[in-house]
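One chain comes next, on its own, written as structure tokens: the form predicted on its own.
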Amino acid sequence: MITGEKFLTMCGAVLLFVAVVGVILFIASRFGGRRSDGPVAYLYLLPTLAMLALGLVYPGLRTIYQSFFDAAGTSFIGLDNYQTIFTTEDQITVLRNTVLWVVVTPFVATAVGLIYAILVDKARMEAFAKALIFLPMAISFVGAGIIWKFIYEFRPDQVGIKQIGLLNQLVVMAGGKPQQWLVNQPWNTLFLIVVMIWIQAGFAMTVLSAAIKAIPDDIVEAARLDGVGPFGMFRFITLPSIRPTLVVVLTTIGIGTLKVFDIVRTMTGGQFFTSVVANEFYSQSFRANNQGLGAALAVLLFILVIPIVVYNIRQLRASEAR
């Protein structure tokens, strides 16, 4: 589409938006009295519901429908795409990697964030210490992947060739041989997971630090007067007090980890048995041109996220009810 056509399309969309809002405001102005609050509220919600239906519900249903068709999207093949996901070796590796990401990342990132929040709480230069671990949150996943790809960079162990990767340089200085960290499985997946933990630990630290500071001082003082030590303070005071926040942090990082794509795509492209569901969905849909399998992977990803989202919402409601 040329620039002129894009400009006209944009102007048409703006005019359409103004016309829709104008019509809604005109209709809303025709209602009067207290009983009109309900209809007016639904009237204002109408554009949002229409956009959700058009931009979320319809594509979702379309994806589910497409997952029952072949690569070209022309022949109905039933559950064959789902059978492929759970029976072929490559797809089982993808599922295994995804499980590894979801099991390791939330717990390690949350543990690192929690320990860090406790150590720097009310310490000197607390703000500076928090900023250090929070900084990776400001970097995109792609940027973080590029940074860590340099850290894992490998050069052959030959005379005259110097290592430019930080990790291999440290290994060489210690008398070891440089390793291809992103090639050798299954450790390469764990080295990718480290990048996600590096990013998410700052988020966990920030939220958990706020929860720790919200613990009433009289409870802490009473525990100290009873002779509770640092470990007992953590076990019987801190941990129970921040439990709802802890669950929210774990589930939020878990959802983000399920959708991880940028890090894998940037650092390995899903090669060397490092692919995950989101990356495999992209590879099948846009590189292998297998629309059916790509749609099935997208549906699987959606199904995996649902239980975590539901549990997260229930925890939030329970926390608000207390």
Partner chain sequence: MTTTSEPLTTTPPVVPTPASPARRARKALTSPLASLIAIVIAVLWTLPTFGLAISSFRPERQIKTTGWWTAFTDPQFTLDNYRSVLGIGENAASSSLSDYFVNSIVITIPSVLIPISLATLAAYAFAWMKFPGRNVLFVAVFALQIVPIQVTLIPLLRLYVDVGVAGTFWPLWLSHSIFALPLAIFLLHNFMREVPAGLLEAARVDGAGHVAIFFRVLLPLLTPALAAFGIFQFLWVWNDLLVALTFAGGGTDVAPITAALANLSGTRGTAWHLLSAGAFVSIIVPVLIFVAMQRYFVRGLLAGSVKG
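Residue numbers count along the first chain shown, from 1. Please read all numbers here as calculations on a predicted model, not as lab measurements.
Keep in mind the form predicted together with the partner chain is missing from the figure; the text below concerns it.
- Contact with the partner chain in the model of the complex, defined as any heavy atom within 4.5 Å, is confined among 94-102, 75-83, 212-220, 194-202 to 194-202.
- Checked against the partner chain in the model of the complex, the residues Met125, Leu190, Leu239, Val142 give one hit for a heavy atom within 4.5 Å, which is Val142.
- Out of the listed residues Val183, Met233, Val172, Ile151, Ile151 is the one that sits within 4.5 Å of the partner chain in the model of the complex by at least one heavy atom.
- In the model of the complex, at least one heavy atom of Phe286 sits within 4.5 Å of a heavy atom of the partner chain.
- Remark: Tyr44 counts among the residues lining the partner chain in the model of the complex, judged by a heavy atom distance of 4.5 Å or less.
- Gln291 belongs to the set of residues with a heavy atom inside 4.5 Å of the partner chain in the model of the complex.
- The partner chain in the model of the complex comes within 4.5 Å of a heavy atom belonging to Val14.
- In the model of the complex, the partner chain lies within 4.5 angstroms of at least one heavy atom of each of the following residues of 164-197: Ile164, Gly165, Leu166, Gln169, Ile197, in sequence order.
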